[in-house]
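The chain below stands alone and is given as structure tokens, in the form predicted on its own.
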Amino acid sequence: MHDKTDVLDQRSADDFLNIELARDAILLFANSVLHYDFDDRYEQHFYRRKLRPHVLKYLDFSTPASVDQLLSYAVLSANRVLGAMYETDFLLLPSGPAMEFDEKEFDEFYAPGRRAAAACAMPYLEKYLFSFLGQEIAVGGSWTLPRVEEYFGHILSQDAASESLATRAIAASKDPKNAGQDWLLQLAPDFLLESSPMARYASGSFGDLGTSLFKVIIDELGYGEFDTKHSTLFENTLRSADLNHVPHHYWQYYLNSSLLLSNYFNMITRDKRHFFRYVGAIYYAETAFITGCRQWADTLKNSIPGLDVRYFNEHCHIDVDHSRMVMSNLVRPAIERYGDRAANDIVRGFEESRWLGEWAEKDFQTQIAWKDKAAHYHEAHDRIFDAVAAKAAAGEVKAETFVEPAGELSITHCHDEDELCHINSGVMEFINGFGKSTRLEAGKGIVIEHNRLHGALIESDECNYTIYTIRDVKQWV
């Protein structure tokens, strides 16, 4: 008699969350012309997203990232890979003259083998990136509907009275226009494909909850009118800010936190176990946007003359309705119908969405400050270089020298410790972030702040430079 539970062949894996399988899947997915490093400052091809796959093979995602590692290079890499994987769920076609349709890359983007690899790797990367939320956010006790409503009202009234860190960073920047453009870029991972993650819940069978959510979805889609679709409004905002509106032209300039926030909403819509978390997360987002978009619009209008702010004005208006609709037609009936599981997950999603949003604004604020201090870090090199070089010669400081040809681009990345870049010969354009560069000639250099997004482009026929790992610049000043 056959054992009806003897299903798996001895040569097959019994767990598709296996670390080795997931690692193989990540490398298979990234091993594509779509993800190799090319010497383009921006993404010039519609389906390409640079992932530095030659570096991915040396990264370990087996131990979940802790909250103090969220700005690390490994997390940035995982965020980029996961973001690229999620997008294979959505139909992306170039819709205007800004990008030509490349049939070969279209087929490669949606190739069955790559999508299968993504399906194997995504739960592994999600565990690596989002496990910290379980430790950072504690949802305890008994969450009755009245308690949930009271708590949400209290938190949202507090948040409505506070100033956005993003608007504060833009207003205080040495270059408010560049800072405002940079903030628009950080919104782009979500806003250019707005409603796409949400639309994952447009299908299925979950009663009137599904119908109620669909009312929000069709609002996001402009009720079938392309010109009023929210992503179309945001594209117009980008155009008016002298920015490219094609997703994801500025892929290299998305911050770690911006990608993590976008990936979070993809995770809780792709994995249907997280539906109630999504209800809480979207309630927070729809309500917080009422105040957030008003602040962003006011600040951005001042920093970017002639900016089209209809996208933000629309959300100041429609999200009043959306907040009411989500509370009345999703939060309340979900808790009444599904009890503690729904209540606890809704509160968790609300808190997670709030935490990630605030963290993204704080990271943006730090990035703008880093860009504004470019001259300071350029001068800091001159003050400390001799001491650093002496320590390196004595073997007390790690140093690595590179020789690169003209046009060589170091894809934007970050370091986990402070580093010093010194030009031995040649000329480098050091990219401090979106729209900001420092020209480095022989004998000059710059201190690179840890966790800050940056890159480099070689201007001379050849450039010889050394990177010194100084760990913490404060100990050298």
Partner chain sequence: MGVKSLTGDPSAGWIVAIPATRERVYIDVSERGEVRVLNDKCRHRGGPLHLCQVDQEGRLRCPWHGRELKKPRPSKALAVVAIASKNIVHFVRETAESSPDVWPVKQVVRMQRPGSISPKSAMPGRQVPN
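Being a predicted model, the structure only gives us computed values, none of them experimental. Numbering follows the first chain given and starts at 1.
Omitted from view is the form predicted together with its partner chain, to which the following refers.
Worksheet item: If contact means any heavy atom within 4.5 Å, which of 251-259, 145-153, 168-176, 274-282 contacts its partner chain in the predicted complex?
Response: Of the options given, it is 145-153.
Discussion item. Residue-level question: is A138 within 4.5 Å of its partner chain in the predicted complex, judged on heavy atoms?
Written reply: Close contact exists here: in the predicted complex, A138 approaches its partner chain to within 4.5 Å, heavy atoms only.
Discussion item. So, E105 and its partner chain: in the predicted complex, are they within 4.5 Å at any heavy atom pair?
Written reply: No, no contact at 4.5 Å.
Fill in: Partner proximity in the predicted complex: E314 to its partner chain, non-hydrogen atom cutoff 4.5 Å
Taking the distances in the predicted complex, the answer for E314 is no, it never comes within 4.5 Å of its partner chain.
Item to complete: Give a yes or no for E358: in the predicted complex, does one of its heavy atoms lie within 4.5 Å of a heavy atom belonging to its partner chain?
Response: Output for E358 is yes: heavy atoms within 4.5 Å of its partner chain.
Worksheet entry | Partner-contacting position among V347, A334, L184, C120 - heavy atom within 4.5 Å of its partner chain in the predicted complex | Looking at the other structure, the residue within range turns out to be V347.
Worksheet item: Exactly one of G204, G134, G224, G306 has a non-hydrogen atom within 4.5 Å of its partner chain in the predicted complex; which residue is it?
Response: The residue in contact is G134.
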